[in-house]
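Given next, in structure tokens, is a single chain: the form predicted on its own.
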């Protein structure tokens, strides 16, 4: 292990809580250590007398929480002698897999649903050198093919069904406990494939067991209404939502997400696209944070829960913002409704445009 004092990624920081050894070749881009931002303006805007914190996972190296799991999955794949990795993705997983695959010197294969991936994410996977295959089908079908391929060929699957992904992602809970001094009262999080709510709850459980916290937070998971398989209790064959990162109709970690909900006394509910857009714009305009639309499902869920008095005033609340808004610039421009005023370079014309 290096004696360098600068931050060197979550495996090196949380090694004693992760299934790694001195023989594990750590593949890292110094992921993790993301900011937990107090959101007083947002709390005031939604009319909730509580401490709200935003865990901005968009500051990870490839711009999403997926980096936490990918450092573990790729490190363990390399330790086990694998030369290639594969994933199905709506965008963020492909970017993370391709980046960590490049860092590890491994071949990366990505299956994406054709036409249903934000260009910011696709551009990342392309630049990192992944082999990209766009299928005429949705994410759930892509994942089924990836599972089959990884079972029959010497290629390691790095979707969240890979248990090492969950091990890496649980580190987010450790960081929250360290920052707050204890677990929050409520943990709001978007739910797509349901690996992240599973991972955070695992982290909270593990640190409660060794007395690094005093309680479990209520896990408050929110699917997009058009892809709310867990809420409906059935697979959705054609999920639809503008929040592409959670456009998933058959979550891989479905049962584990329900376990997190039930053991924590939380909920798994849904929010509409309109509610997601409202939260997406509100986060940016009140707190100066541009997250991607799917990320805003956590805050949309908080707004919905506040309206129904499902959260107690005076609570500590953490909302996970899973990805950076720059991954989906088309939606940012579409929903900002900003008027770009064009004028000459003459100062008087500029002042007129400024209404001064």
Ligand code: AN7
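Computed from a predicted structure; not experimentally measured. Residue numbers count along the first chain shown, from 1.
The same protein has a further form, the form predicted together with the named molecule, not shown here; the description that follows concerns it.
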Worksheet, complete the sentence: In this chain shown alone, the residue from 108, 124, 241, 90 with a heavy atom within 4.5 Å of the named molecule in the predicted bound form is 90
Worksheet item: Of these, 22 to 30, 292 to 300, 39 to 47, 307 to 315, which stretch puts a heavy atom within 4.5 angstroms of the named molecule in the predicted bound form?
Response: 292 to 300
Item to complete: Report yes if any heavy atom of residue 203 sits within 4.5 Å of a heavy atom of the named molecule in the predicted bound form; otherwise report no.
Response: no
Practice prompt. Spell out, yes or no, whether the shortest heavy atom distance between residue 195 and the named molecule in the predicted bound form is within 4.5 Å.
Written response: yes
Worksheet entry | is_contact(residue 74, the named molecule) in the predicted bound form, heavy atom dist at most 4.5 Å | no
Worksheet item: Any of the heavy atoms of residue 245 lying within 4.5 Å of the named molecule in the predicted bound form?
Response: yes
Fill in: the named molecule in the predicted bound form - contacting residues of 28 to 67, heavy atom within 4.5 Å
65, 66
